[in-house]
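Below, in structure tokens: the form predicted alone, a single chain.
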Amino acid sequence: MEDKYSILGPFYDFMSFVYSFNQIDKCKTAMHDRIKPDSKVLFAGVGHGIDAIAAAELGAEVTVVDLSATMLKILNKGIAKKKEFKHPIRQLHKNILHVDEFSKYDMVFANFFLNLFSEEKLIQVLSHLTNLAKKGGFVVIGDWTPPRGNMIAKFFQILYWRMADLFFWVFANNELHPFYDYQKSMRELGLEIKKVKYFRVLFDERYCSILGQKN
């Protein structure tokens, strides 16, 4: 099982903090006010797991899925620094498409995860995540915001995105692709957009967290 983050993993959290002035971490937990004690919550591509740990601290039954053993090791270091949770965090070291617990979860999070995939793969993965959520449950996507504003603003937004896109293409073999319109994709899969929160870096809204409900 290839671990594309074996080199970048230990530095990922620091890089995201510096690159986004901590806005990425805020984006990841933006919809945690919807998490209730004992609710079943899944995090796809959990990475360092700051959002998963925060959910567990709220009393949720948390399941995390990641293909990177390096990221799961780092997550466990974060877990070890905390007191016991009401429900231990369940960890699955596998491809998210191999998780077949359909209609099980109250909330499914895909924070800075879907941008790893090609345009063709994106809909397949998002559709699968939607199928993991219960009817009436929520799918949350935290990620880059498509460029908005005048031509100059859009230029700098695209430049900011492309630097990260190229970096992870070179060092983690992730896909190169254009900005994704996640809200459009979510609506096409039958999700109702309930809330969107935006996060600014310098002069523009660079990140957003989207809450979609499965009806």
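All residue numbers refer to positions in the sequence shown, first residue = 1. Please read all numbers here as calculations on a predicted model, not as lab measurements.
FYI, the form predicted together with a small molecule isn't displayed, but the following is about it.
- Partner contact region in the predicted bound form: 46-54, out of 145-153, 46-54, 158-166, 177-185, criterion any non-hydrogen atom within 4.5 Å of the small molecule.
- Proximity of Phe85 to the small molecule in the predicted bound form falls outside the 4.5 Å heavy atom cutoff.
- Put simply, Thr29 is far from the small molecule in the predicted bound form: not one heavy atom of it is within 4.5 Å.
- Using a 4.5 angstroms limit between non-hydrogen atoms, Asp204 is distant from the small molecule in the predicted bound form.
- Among heavy atoms of Lys73, none comes within 4.5 Å of the small molecule in the predicted bound form.
- Within 4.5 Å of the small molecule in the predicted bound form, a heavy atom is found for all three of Asp66, Lys94 and Phe112.
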